[in-house]
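Listed next as structure tokens is one chain, alone, in the form predicted alone.
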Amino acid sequence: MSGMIVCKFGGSSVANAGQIEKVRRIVAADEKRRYVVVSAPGKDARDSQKVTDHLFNIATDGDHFRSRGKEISARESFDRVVGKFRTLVTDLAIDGDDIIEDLQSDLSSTISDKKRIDFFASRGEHFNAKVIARYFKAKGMNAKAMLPEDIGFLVSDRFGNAKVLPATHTNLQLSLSDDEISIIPGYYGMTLKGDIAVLSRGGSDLTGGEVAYAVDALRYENWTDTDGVYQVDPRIIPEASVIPELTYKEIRLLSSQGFNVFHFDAMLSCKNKSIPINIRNTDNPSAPGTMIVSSRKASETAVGIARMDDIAYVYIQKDMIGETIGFTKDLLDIFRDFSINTHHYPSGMDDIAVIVDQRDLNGKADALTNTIRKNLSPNFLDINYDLSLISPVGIGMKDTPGVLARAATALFNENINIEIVDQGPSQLSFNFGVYQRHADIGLKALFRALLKQ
């Protein structure tokens, strides 16, 4: 099976009949594209809500939208999901009465407990794969829907955040063939007990990565609605260009600091076999996109700048922190006990700052600080809110003198104070924490200083 291409198409790429025809043309354009992983249909002009959100709403009897202040009942969500698939079948001009009947039956299921949500959430990908496979066949392509329950895509029983089991790779090797185009629904798998469990949101990316690993793919193409990975957010800096090539390490750093590219776990299996990942645009298939590779020769210093908003840091002063064995561990254990993820924790001899997503502090800040005071007796403790982390990334920054100084000078020239600065030992990235009200200007200043050449 070596030498074939795995393609994953996101929700926007399969949102309606017109988009699905674009997908068909892309697959037909290269005979090596034999494995096609599809998401649930994305939003379009007829409905501002995602199909998957409607499915969650059905499973929770309306609580999913109600908790978000939206008055959409479970019955309305049922009608919209069925209506969406009816429209796809009609617009694609395929015989799909049986698909609609099976969909209605599944959405009327009486499954209870935690298995219910995962079963309903998986139906968007499940039925979209059936629709797309039937459409491909109607157009004369040798395609077949290959469902997780048929090909042994096995996952753990951690419902809502299942993990792929190692046996999956062997099962896929035995089940999938180059002789036909396999249309594979993303996002879900089967537990060893035969229950459906979904991966984390965005898990169709992960499905694609696991399929690519199993079949020793030549390339994993991730088709979305953007031309690739941009240097910075093009909504803020329109002149930003697409990055032609990134290493796995660089995309990892950019993703961890706010680049919404795709599910990072999807890269891990590909990275282990050095399978290149190509991020492409379904609406602009002639664009080469961004290639993610194991190694590259850098011709630039920084390759991209990530930004993460809604950041806070918990600041602690106490004499001899730097010489107190276990202080940092004891502090981070407190954050763990409150289920608060920590991003960075720059420190000095007598102080330390723990950087977090400030939304994680909602309803927990007082209890957290009281626990820190009780257990660690700091001389001073404070929480600073409403910061942004701006993070230049690039393998070319390593051992390049003056990068940090150039960046700091760029912010100084805009009269922006740096509240937090942190650089990892790899020297492939650093983080400036600035107040969020300065973030747009700061990002533009760093773009001019480090990327615009």
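Because the structure is a prediction, the values reported are computed rather than measured. One-based numbering along the sequence shown.
Not on display, but discussed next: the form predicted together with a small molecule.
> Any of the heavy atoms of residue 50 lying within 4.5 Å of the small molecule in the predicted complex?
Yes, contact at 4.5 Å.
> I'd like to check something about residue 393: if you look in the predicted complex, is any of its heavy atoms closer than or equal to 4.5 Å to a heavy atom of the small molecule?
No.
> Taking heavy atoms and a 4.5 Å cut-off, does residue 222 contact the small molecule in the predicted complex?
No, residue 222 sits far enough from the small molecule in the predicted complex that none of its heavy atoms falls within 4.5 Å.
> So, residue 115 and the small molecule: in the predicted complex, are they within 4.5 Å at any heavy atom pair?
Output for residue 115 is no: heavy atoms all beyond 4.5 Å of the small molecule.
> Let me know the one among 96, 152, 289, 202 whose heavy atoms come within 4.5 Å of the small molecule in the predicted complex, would you?
It is 202 that has a heavy atom within 4.5 Å of the partner.
> Of the listed stretches (59 to 67, 412 to 420, 394 to 402, 32 to 40), which one has a non-hydrogen atom within 4.5 Å of the small molecule in the predicted complex?
Only one stretch qualifies here: 32 to 40.
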